[in-house]
Every structure is written in structure tokens, then in C-alpha cells.
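Alright, here's a single protein chain in two forms, structure 1 and structure 2, each given by itself as C-alpha cells.
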Structure 1
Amino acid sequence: MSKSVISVKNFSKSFGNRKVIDDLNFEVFEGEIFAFLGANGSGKTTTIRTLLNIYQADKGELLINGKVYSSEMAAYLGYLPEERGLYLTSRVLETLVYFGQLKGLTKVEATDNAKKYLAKVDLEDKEKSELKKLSSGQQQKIQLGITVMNNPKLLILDEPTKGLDPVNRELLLSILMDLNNSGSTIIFSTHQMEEVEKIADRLLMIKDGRAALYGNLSEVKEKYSDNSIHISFEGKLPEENELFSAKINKNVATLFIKNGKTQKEVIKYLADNIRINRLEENVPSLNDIFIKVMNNK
């Protein structure tokens, strides 16, 4: 079984009379990419800040590698907060090098890492520019660069692609995949469901301070599938039998598999009785699931 890097148990947090988190439990395992989802105000940022000891929990425990976060862990992890903050009169390269040294790198190591990062994000010609002269998207790349300068073993990212255009969003996701392939564990919050589908192994979706969905991405999608398949075919297909009911339009059909029957049984029946030209399982998108869960009273 994989090692638990983040463990949140029976966590509750209120601000005044408003309960933001109510008995939340989840784990993030070593080497995985974990998506943290929820509507605005659902408690994602509150959970992250409490995990990092910025806030104090009312109840429960939030641990990183079995311990409450302390400044001694700073070199182990990288944190990208939702609110970005840079010294805008500083220059690009010196900013990255400065934060790299704060994270325990030598000046030579920090400079080398910074130059490689700037080349990767197409900003090598900006290394002497003041940060205030960069676009907001370029500044966000620098913020991410600060976060990953020391190749952290754990990355905690709060809305990392917020404000980025599609091209730079894809670039950031590829950087996260590279870091994960190099051994980094990543937890990130986002409103972009397609990002989760591209890179996440598991997810937690919270609603009203509680876990609404938690688990493997494919298992979550299977749970919300209507257990139907689409086919194009040649031959004669019944509208109903013991395995399925079908909506048929010429040589295209949607088959609704009956309770207690399996997709494997249906496909065997089809293969024995008709010619299948195309077959697709009807799996809902994560965006569809998100909307359904959030709208469910």
C-alpha cells in the first residue's frame, strides 16, 4: 500500500457562526496527483491553509508525513497560494534565485534551476526584466517557478491555472506531469474539470464542508454512469430483451443495460447477433458530474 503523505482526519473549521468544514476526512498518497474540487466558498483554500498551519483547526488533525506542518518542512514542499504575491520592482532571475536560496539551494544551483525553468516557460529573454513589466500570465509563471525551484517532493497548488490562457494552461499541466514523473506528489485545487480528467489519479469533491465525492477518477465516473452504451451496427437488434432496452435509430442505437446484467454479457450478445461497427461506453464528463453533485439538494 502506498505511503500516506497527507492525512486529514475529522477536520472541522468555523469562522464565527459559519461552519466551513464539517468532519472532513481524506488522504493523499505518495506519488499521486490528487485533485481537490468544490464550488467557490466550499472550503478548499481553508483546508489547505489549515494543513499548512496558517489557520488552526477547531477539531481533527491535518498531517504531512505524519506530522503537523512546521517551517522545517519548507524545503520538502512547494506551495502556490490562490493569492499571488511578488516583489514587483525585483528582476525575474534575481527573484527566482533569491527564493531558491531560501529553499536551501546554493546560489549556483538556484541560478542553474532558474535559467532552465525560464527556458521551459519561454521567458529566458525576460530574466533581467522587472516583474511589474511582465503580463499577469508571465508573472504567474514566475510564481510557479518559485514554487518548484527546489524540485519539491510535495506540491500544494491552489488554483494553479487561474488566469492562464489555454496554451499556458497546457504548459503548466505538462510541467506538473514532469514533476510527478520525477517523484513529486501533487495536490491541486481547480475549477477546470478537464484538467482533472487529464492528469489526476484521485479526487475529493467537497460540498457544504463535507466530502461529496472521494476516490479514483475512473470509479467516480463509473458511479455516475447511466450504464448505457452507444453502438453503430448492421443487422437486426431488438428494442428489449433480458439484457437491455434499446433506443434505435436506423443503424445507431443506445443500449440501457438492465440491473444485474453486465456490459460484458451485452457485448457478447451483440457480437453473436449483429455486426458492430462502433461501440462507446456512455461515461459522463467530470464537469457533468460536478454540476450534478453541486445542484443536488
Structure 2
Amino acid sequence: MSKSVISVKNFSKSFGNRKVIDDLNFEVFEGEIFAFLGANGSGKTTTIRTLLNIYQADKGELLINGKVYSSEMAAYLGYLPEERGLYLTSRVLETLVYFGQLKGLTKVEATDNAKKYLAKVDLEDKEKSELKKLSSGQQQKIQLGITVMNNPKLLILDEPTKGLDPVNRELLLSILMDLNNSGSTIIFSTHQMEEVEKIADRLLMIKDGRAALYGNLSEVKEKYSDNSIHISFEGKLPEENELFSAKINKNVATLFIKNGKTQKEVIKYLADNIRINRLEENVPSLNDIFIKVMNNK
């Protein structure tokens, strides 16, 4: 079993009389990409801030590599908060170098890494520019640069693609994939379910401060699957039998598998009785699951 990088146990947190997180538990394992999902105000940012020791937990234990986070662990971490900005009157390279040094790099290392990153995101000619003179997309690249320039082993990203145009979104996702391929663990919160489906291994969905869904992406999808298959066929197909009920429209049908029966049994029946031109498993999208979970009272 992989090593636990983040461990949250029995975490609760209130602001005034409002309980934001109620007995939350989850783990993130080394090398995985973990999606942290929930509606606005569901407590994602609070959890992340508490994990980074910016907020204090009312109850519970939030650990990174078995320890409460302190700034001494900054070299290990890359953090991109939801509310992010830059020193607008500072210059690009000096900003990157400053944050690199705060994360524990030497000035030479920080300068070297910063220049490499700027080249990677096509901003090498902007290293002496003031940040306020950069476009919004370019500024977002610098924010991401601050997060990843120390080649962190753990990336915590709070809505990383928020406000990004499609090109920068793709760039960010590809940088994240590169980092993950080189061994970095990534936890990110987002409202973009297609991103989760694209890159996440596991997910946690919270609702009203509690875990509503937690697990492997395929397991979650299976759990919310309505156990149906979609076919195009030739031949005669019954609308109902002991294995399934079918909604048929000419040569196309959706078959709802009955309780206690398996997909394998249904496919065997179909193969024996009709000619199947195309067969697809009906898997709900994560977006559908998210809406279903959030609307579930």
C-alpha cells in the first residue's frame, strides 16, 4: 500500500456558530492525483487552510507526512490558493526568485529554476517586466510558477483552473501531469468535473462539511451507475424478460439490468439471440454524480 502523504482524521471546524466541517476523514497517498470536490462554501478552502496550519482545527488531526504543517516544510510543498495574487509592482524574475528562496532554494537554484520555468511557459522575454504589465493569463502562469518552481513533492491546488482560458488550462493540466509523472502527489479542488475525470485517481466530495463520496474514480462511477447498457442491434429484442427491461427505438435500445443479474449474463443472452452492432456501458458522468449528490437531501 502506498504511503499516506496527507491524513485528515475527525476534523471539525466552525466559524462562530456556523459549522463548516464536521468530522471529516480522508487520506491522500503518495504519487496520486486526488480531487477535492464540493459546492461553493462546502469547506474545501477551510480544510486546505487548516491542513497548511493557516487556520486551527477545532477538533481532529490534519497531517502532512505524519506531521502538522510548518513553514519549514515549504521546500516540499507547492500551494496555489484560491485567492491568489502577485506583487504587482515587482518584476517577474525577482518575484519567482523571492518565493523560491522562501521555499528554501538558494538564490542560484531559484534563479535557475525560475528561468527554466519562464522558458517553458514562453515568458522568458518578460523576466524584467513588472507584473502589472503582464496580461491576466501571463500573471496566472507566474502564479503557477511560484507554486511549482521548487519541484514540490506535494502540490495543493485550490481551484487551480479558476479564471484560466482553455489554453492556459491545458498548459496547467499538462504541467500537473508532468509533475505527477515525476512522482509528485497532487490534491486539488475544482468545480470542473471533466478535469477530475481527466487526471484524478481518487476523489473526495464533501457536502455540508461531511464526506459525501470518497474513493477511486471508477468505484464512485460504478456506485452511481444505473446498471444499464446501450446497444444498436439487428433482430428481435423483448421489452422485458428475467434479465432486463428494455427501451427500444427501432434498432437502438437501452437495457436496464435487473437486480441480481449481471452485465455478463445479459451480454451472453444478446449474443445468443440478436446481432449486436455496437455496445456501450451507460456510465454516469462525474458531473451527473456531483449534481445528484448535491441535490440529495
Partner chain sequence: MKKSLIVAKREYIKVVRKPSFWLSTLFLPIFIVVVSFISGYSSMQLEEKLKDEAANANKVLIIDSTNYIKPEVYSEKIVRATDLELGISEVINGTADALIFYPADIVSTKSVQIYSQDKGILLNESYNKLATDLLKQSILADLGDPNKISVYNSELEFQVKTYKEGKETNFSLSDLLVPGISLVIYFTLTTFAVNYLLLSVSEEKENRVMEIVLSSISSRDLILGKIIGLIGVIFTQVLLLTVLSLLGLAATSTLLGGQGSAFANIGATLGTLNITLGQLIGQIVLGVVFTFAGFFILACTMVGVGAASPTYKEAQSMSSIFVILSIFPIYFITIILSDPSGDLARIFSFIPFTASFVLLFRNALGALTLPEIILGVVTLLLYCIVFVIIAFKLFEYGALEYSKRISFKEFFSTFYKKS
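All values reported here derive from a predicted model rather than from experimental measurement. Each form is matched to the other, and the largest set of C-alpha atoms that superpose within 1.5 Å is called the rigid core. Start at 1 and count along the sequence of structure 1; that gives the residue numbers used here.
Trainee: Name the structure that is the form predicted in complex with its partner chain; the other one isn't.
Mentor: Of the two forms shown, it is structure 2 that corresponds to the form predicted in complex with its partner chain, while structure 1 does not.
Trainee: Once everything's superposed on the core, is L102 shifted 2 Å or more at the Cα between the two structures?
Mentor: Moves: yes, 2 Å or greater.
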